[in-house]
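Following this are structure 1 and structure 2, which are two forms of one protein chain, each written alone as structure tokens.
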Structure 1
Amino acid sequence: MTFRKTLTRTVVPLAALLLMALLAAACVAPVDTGAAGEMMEEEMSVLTVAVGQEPTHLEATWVAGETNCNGCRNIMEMLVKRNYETGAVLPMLATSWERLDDRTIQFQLREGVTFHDGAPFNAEAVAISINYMWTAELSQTLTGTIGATLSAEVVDEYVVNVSAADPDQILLEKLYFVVISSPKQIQEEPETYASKLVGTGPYMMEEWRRGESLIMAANPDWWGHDDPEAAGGKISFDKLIYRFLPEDTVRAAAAQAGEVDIAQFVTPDQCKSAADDPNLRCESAPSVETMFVRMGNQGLFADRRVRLALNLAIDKELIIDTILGGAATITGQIVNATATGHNPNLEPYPYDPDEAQALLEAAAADGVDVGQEFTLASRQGLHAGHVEVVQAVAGMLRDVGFNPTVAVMPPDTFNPAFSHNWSELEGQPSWVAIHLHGNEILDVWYSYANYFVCDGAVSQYCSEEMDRLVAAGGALSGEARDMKLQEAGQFVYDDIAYGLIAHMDLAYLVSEDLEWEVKLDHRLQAKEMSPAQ
């Protein structure tokens, strides 16, 4: 066999194969965000944020929850905004409002605002946008999120009536979750509604690189240029890149390596390691999220002593000091002080394992099967360190005589299992969940109506007295509402409707080149950030 033959038989095809692969690799135009981003940084200012979750879709309803759609409030705006320190509702796209009856509010709209696609912002736009959200077949309506079905009606060019289907005292607060989309998009290209956001915000959606990032560009025609006070900030960047980095470790590493300006939701340990880094700081701030144990008063937990034992068995302070790295506040109720109905008299349940054990023994003596197995469930990826908290709590419960089995479930099995009313689970072994509850409406009625009334969507608790108190509080407004809901809070506290752990802080690694003060709502709004001087 000659060398020529060898060449034709093996080397040539092999080389050809390699060449093909090489060519193909080269041809596939590399979209080099990194290099391009760095080059551009010289001429234009770019803000890069590492977030944990990619939006499932971009329907405007999804913007209600920040982690559903990180950074989307840079694009979309609402009729009202909130001051999360005082709880006050402030003008945004609406300049003033007046309550017409217990279901309807009339809004006077801001003039001279345009959508990113050029459509004018007026009463008709608001009506089309709101009505579409509740009538079109969407992946997720807002009904479940804010507990109301809304509709809107044009009164005048800049006057619109927004109504709830049922009497609603906190309709105004709920409108903080309803963003206004371009009517042009809804009418002319509704097929883009799930993949493109068109709003009135300071930044315009440029591109959604799936699996990679959401890219936004500054909106030169933003109404807020003229009125930064009302708009709640200013435009400081030419371009925003929100990168999706689901791995906690990688997100923090990206901040440490200087690839991003902000890394969202880092662990206390990652925060500590930032202390040695001159280019980074850790921003940790209280949030509306409260970690609690949903046990209810059914099955094993029908006996009040058992419910009290569960609370006394958990060493809240130890968990906060160690696993949560001090970034949480021990609590006696499910909302923090900003919310309507927060009762300042409720002290956290103490830690007393001996008393817990004694209570369980007493209950056992009266025939309660306290050693029965129950599930202590939780959702994957809920919060950094959450899996450890659940296991630690299970260990503490086991120490006093409970028999929990830990189940950390993926969202798609946890969510349906969690979304049960107690009456659907009668006769089954108790299914207890450690979960986060975030009351962003800042009104405790919303929490109680879900968790502690007999027919609440996710209620494992049922008591006639509580039903009465919640119904009475919901119908009131102002000071009277606050007092009635505080009374309800005292009742569930005394009856031990749930296990309480802590209000959570959420933390970020932030570049020293960036000025940003994290607020209670933890929304990643670029208008509140600016390059450091």
Structure 2
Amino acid sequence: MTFRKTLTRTVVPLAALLLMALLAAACVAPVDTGAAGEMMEEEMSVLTVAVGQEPTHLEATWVAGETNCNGCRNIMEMLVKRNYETGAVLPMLATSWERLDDRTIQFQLREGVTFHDGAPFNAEAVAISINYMWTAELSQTLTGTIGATLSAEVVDEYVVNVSAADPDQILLEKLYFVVISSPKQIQEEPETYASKLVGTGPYMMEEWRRGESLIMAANPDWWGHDDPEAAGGKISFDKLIYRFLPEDTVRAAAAQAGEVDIAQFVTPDQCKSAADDPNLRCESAPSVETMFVRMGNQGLFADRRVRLALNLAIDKELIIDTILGGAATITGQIVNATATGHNPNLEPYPYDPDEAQALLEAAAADGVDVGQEFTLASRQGLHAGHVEVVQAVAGMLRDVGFNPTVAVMPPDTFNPAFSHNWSELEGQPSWVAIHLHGNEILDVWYSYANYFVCDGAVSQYCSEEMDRLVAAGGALSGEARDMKLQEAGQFVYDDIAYGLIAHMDLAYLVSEDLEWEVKLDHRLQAKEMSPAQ
């Protein structure tokens, strides 16, 4: 496969234009318009990436997590960034900061930065963006993601205070999830906020083709041109195309056909097939993603024996070896060793289907309706092999006496169905999801505050003791924080709060014409990529 150079900025006959458009859409090799009597005067370099999920909307509150909006961080930037080799928080749109108290950080902002619509970046812009994100209409998603309510206040033209409503020891780390949008868009075109991204990043949004792709163009006025080191990379492509291909087999085929430069989340078998292709390589790396089963302690799973039976019924080793191709590690907790609060003493629950069946029989003898039907769901495009995983888990659960029905849902169906607190689901049929959870904040408080406290945004689990432990750990710092959060981890482990499968490695098929080093957070940022030399 040769790296694509497509499209021109010259006038050619209509037939040639149509030919170029068709070839560019297919992301093929350089277009030759000589047959049409005209030669291209200027070529455009295009990076094409196949991703598993299309965003359901483009509100900045949704962009933060990136997995909900693959590639959107090419457009949007934050005050700070993370070094995932060291865990350090580094400057980005902010150049320095000072913690004023346990709720507030004062930021000195980068000067000379402009939004894609021409609006100046300054303290007022930051305040407008952050305060808008935490309006009543928008705040639920982001508040749930980072477990905090934030506000911002202008101090000087390039000085702004960002505050949490409550004391927050990891406020700085959380700001990695808070992108800054154009104040001009918010004030003058708020109706476009959910469908158009306007940031300060190296690429500008060109078009969102629903059901097909997200297209971006290089930003000639990006501040990072003058300081690539601070910006975390440089612009190497004129255009980006992020194609939405939910099936991993289709993404892999697109890479093998030379239609895309990167195929996100492929299987080990698909990686092996690339070994014989001189134009492709497989890039696989550990991640902060953990595959787990979210069932909580409500409804059918209010009985601890039923929760334990679910864990004992799942043959994690078989799933990893046969479906994930060994690219995962069996786990006993929701974070790996990169996160504060990781408890090294938690061993994975064993595979013991006989004991699982005995537990269900004992629960049934006490009146628990263990045979009641429940939905076992997975989100489309979650990871390579996710359909096979959910089907395999369902089969294992049926073998011991559970009665699951499998549902693989597109994001716009799955996310609303599972973005609820347990209290909103009382009296409804049990819903169980196989998730990937990424702890990019590198602190397990973030995981627990979402999934395992009574008021967690998406928690189906409620325990006063767990609430107490998480609150106590969240108020601490350093070693004391680590130990208290380890204690919380021991509690949810003993109480069987969730089903655990594995820490994930994630793999990609990558063109040999592209240089890209996959990092722990697995962000698909073009500024970290370049044509091979």
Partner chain sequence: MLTREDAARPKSASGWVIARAMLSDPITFVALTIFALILISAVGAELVAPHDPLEQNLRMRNMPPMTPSVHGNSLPHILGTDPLGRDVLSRIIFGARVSLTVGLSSALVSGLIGSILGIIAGYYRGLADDLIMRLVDIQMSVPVLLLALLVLFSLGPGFLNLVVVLAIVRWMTYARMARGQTLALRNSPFIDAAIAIGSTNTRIIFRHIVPNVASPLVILGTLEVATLILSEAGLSFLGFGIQLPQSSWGLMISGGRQYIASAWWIVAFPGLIIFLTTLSLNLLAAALRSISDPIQRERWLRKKVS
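Start at 1 and count along the sequence of structure 1; that gives the residue numbers used here. Definition used throughout: the rigid core is the maximal C-alpha set that superposes within 1.5 Å between two forms. What you see is a predicted model, and the numbers here were worked out from it, not measured in a lab.
Where the criterion is the form predicted in complex with its partner chain, structure 1 meets it and its counterpart does not. If you assign each C-alpha to whichever superposition fits it better, F452 and L245 land in different rigid parts between structure 1 and structure 2. The two rigid parts differ in orientation between structure 1 and structure 2, with the smaller turned by 21° against the larger.
In the core-superposed comparison between structure 1 and structure 2, the CA atom of A502 travels 2.7 Å. Once the two forms are overlaid on the core, Y351 shows a Cα shift of 7.2 Å between structure 1 and structure 2.
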